[in-house]
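As a starting point, one isolated chain is supplied in structure tokens, in the form predicted alone.
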Amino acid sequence: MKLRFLSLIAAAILLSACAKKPVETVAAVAAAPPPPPVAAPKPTGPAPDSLEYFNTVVGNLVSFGYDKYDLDAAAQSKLKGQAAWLKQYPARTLTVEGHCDERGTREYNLGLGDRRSNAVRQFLVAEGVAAARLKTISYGKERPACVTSDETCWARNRRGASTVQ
């Protein structure tokens, strides 16, 4: 009889322990605060249709060799990006500026700057940009990016600069 009584008590304790655990777990889960909503990441950098994006991400400058106006592979790659951007934003127009270093006469450098700006323009037209959206101007050596008389500075001044309107 004692054994029977003890078995009943043990069974009651086990059953009561099992019955309380799910209730506590459900109560604990219900009491926990929900996780905060995940916020969408904020976009960083300039808007894709902005001038800043064109200048910094697409790139607005191409370089030329000394006394050259042909486009090397790096310049062509950058100009392909410019053409793609211009095709994506058809309301934008572009002025291509031709620049030279300080060596040579004013007249010679104006002519070389003109050939450089036209080389860029012709490439963009070949890539599908409407010619009516592109203007060219030569500044020759009149608007240098730097004024030190050394090869590093001269290389920076030999450029085609694309200005978006």
Partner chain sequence: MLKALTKILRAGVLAVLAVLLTVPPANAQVRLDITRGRVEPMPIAIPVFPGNTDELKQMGKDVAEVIAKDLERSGLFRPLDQKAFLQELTSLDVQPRFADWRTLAAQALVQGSVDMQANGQIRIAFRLWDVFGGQQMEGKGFGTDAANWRRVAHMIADLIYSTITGESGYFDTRVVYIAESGPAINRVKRLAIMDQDGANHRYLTDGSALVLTPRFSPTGPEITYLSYFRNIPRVYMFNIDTGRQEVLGDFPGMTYAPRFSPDGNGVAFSAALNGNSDIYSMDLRTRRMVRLTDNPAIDTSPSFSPTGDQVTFASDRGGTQQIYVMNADGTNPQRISFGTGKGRYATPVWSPRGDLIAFTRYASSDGFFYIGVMKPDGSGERTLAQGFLVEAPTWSPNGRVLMYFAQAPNGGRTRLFSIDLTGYNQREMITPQDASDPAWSPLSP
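Positions refer to the first chain, counted from 1. Everything numeric in this text was worked out from a predicted model, so none of it was measured.
What comes next is about the form predicted together with its partner chain, which is not displayed.
Contact check for Thr152: every heavy atom lies farther than 4.5 Å from its partner chain in the predicted complex. Contact between Ala126 and its partner chain in the predicted complex is not found at the 4.5 Å heavy atom cutoff.
Its partner chain in the predicted complex comes within 4.5 Å of a heavy atom belonging to Ile137.
At the 4.5 Å threshold, heavy atoms of Asp67 reach its partner chain in the predicted complex.
A heavy atom within 4.5 Å of its partner chain in the predicted complex is found for exactly one of Ser63, Asn60, Gln122, Ser50: Gln122. In the predicted complex, its partner chain lies within 4.5 angstroms of at least one heavy atom of each of the following residues of 93-127: Glu102, Arg103, Gly104, Thr105, Arg106, Glu107, Tyr108, Leu110, Gly111, Leu112, Asp114, Arg115, Asn118, Arg121, Gln122, in sequence order.
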